[in-house]
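Here's a solo chain for you in structure tokens, the form predicted on its own.
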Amino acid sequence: MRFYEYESKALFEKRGLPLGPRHLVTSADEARAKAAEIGGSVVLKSQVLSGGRMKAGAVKFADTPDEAAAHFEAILPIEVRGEKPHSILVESKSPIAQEYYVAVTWDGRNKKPVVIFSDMGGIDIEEVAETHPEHVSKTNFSSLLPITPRLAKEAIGAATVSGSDLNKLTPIVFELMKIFLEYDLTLAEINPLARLEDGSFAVLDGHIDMEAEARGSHKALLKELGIGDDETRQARPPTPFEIEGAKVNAVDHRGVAGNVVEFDGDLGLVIGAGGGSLTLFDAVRKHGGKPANYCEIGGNPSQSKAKNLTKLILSKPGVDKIAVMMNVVSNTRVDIVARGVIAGCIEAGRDPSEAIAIFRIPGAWEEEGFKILEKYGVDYCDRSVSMYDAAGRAVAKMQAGS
């Protein structure tokens, strides 16, 4: 789940990172008043979850309060990658002498967190890495063993930074590493981290992504930041469909039947959690299918959970059929999922034999589950049919009916 910039900065400030004065505003009059309160030149930034604000014209500089109010009116209607602003952040414009980039994220290849640092901040780090690789350092560290400021200093020094800047940057980067670990983040990024003309440092822009599964461990922080339990917070605000999916999952602690993401296709998916769900989603697309959603089901969800997830997906406009698919399971009862999805079809006013394109969940209690499916005329397959082929069968049914 992704944080807005103002939320990321609130967390950074809580942890003692250096930031300038700023205010979140929702009207032109408020922008004028807060700009006057800050004094001097200010920058107004659209609060969206996606990137590309500057290119879209959603970041503007103002020298007077009246100019700030006018810029608010100009920014408010701008969509950034299809996303309208949540609000607008007004903050002081800093006199920059040097810009740096720092991020802590997960290195999948080395299976460790990594600090990425560059003395060429303010632009896309991918561009810097391609054109000036000597100005980018990558330093892995352990998520299990204690970390020290020395690791942060090594990461900064490896990007050709030395002297006073190295010493001043070290505690900032080290704190970002600790934030990453403490709050179960997948990304903690500052770009730019600026050295100002007076020699001090300031966080000018920041982004945070948290593991969705970590929400329960950090309820106090999320409440403090004003992030609701029903906000899925991906690269955009959640849709009403996604919010309902989160509610389905939250009602019952048994198993998983959520992590719903909305797409614009016609084949609804009730698919196995983790890597299996990603594999099945991709398989549907490779066969030429158009997923209406991504979701995860597993961990032995209750019949009610499977039913309500099915009803939600079938209620989505344009969904013709659903595919219920998982890898071989040992901790999920096939018969319970079968009862749940069939009940969901019936309560949605749909014939299960028509609404379910394919049911492919082999594993615990599968014989009982298959008997239930046979009773309702649902097409199913066992583990002798691969997940890829099962996805192909579902897509073929969709194409045959179109």
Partner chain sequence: MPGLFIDVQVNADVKGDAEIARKLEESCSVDIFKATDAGVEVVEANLDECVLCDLCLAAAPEGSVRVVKLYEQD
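Positions refer to the first chain, counted from 1. Here the rigid core means the biggest group of C-alpha atoms that line up within 1.5 Å when the two forms are laid on top of each other. Because the structure is predicted, anything quoted here is derived from the model rather than measured.
In what follows, reference is made to the form predicted in complex with the partner chain, a form of this protein that is not presented.
- Although the partner is absent here, residue 333 lies within 4.5 Å of the partner chain in the model of the complex, judged by heavy atoms.
- Although the partner is absent here, residue 105 sits far enough away that none of its heavy atoms falls within 4.5 Å of the partner chain in the model of the complex.
- Heavy atoms of residue 368 reach within 4.5 Å of the partner chain in the model of the complex, making it an interface residue.
- Although the partner is absent here, residue 84 sits far enough away that none of its heavy atoms falls within 4.5 Å of the partner chain in the model of the complex.
- The stretch among 263 to 271, 242 to 250, 90 to 98, 303 to 311 whose residues place heavy atoms within 4.5 Å of the partner chain in the model of the complex is 303 to 311.
- Among 32, 53, 60, 339, the residue placing a heavy atom within 4.5 Å of the partner chain in the model of the complex is 339.
- The partner is absent here, but in the model of the complex a heavy atom of 343, alone among 43, 343, 49, 70, sits within 4.5 Å of the partner chain.
- Looking at 374 to 393, the residues that come within 4.5 Å of the partner chain in the model of the complex, counting any heavy atom, are 375, 376.
- Taking 2 Å as the criterion, residue 307 counts as shifted between the shown form and the other one: its C-alpha moves by at least this amount when the rigid core is aligned.
- Once the rigid core is used as the reference frame, the Cα position of residue 255 differs between the shown form and the other one by 2 Å or more.
- With the core held fixed, the Cα of residue 347 is displaced between the shown form and the other one by 2 Å or more.
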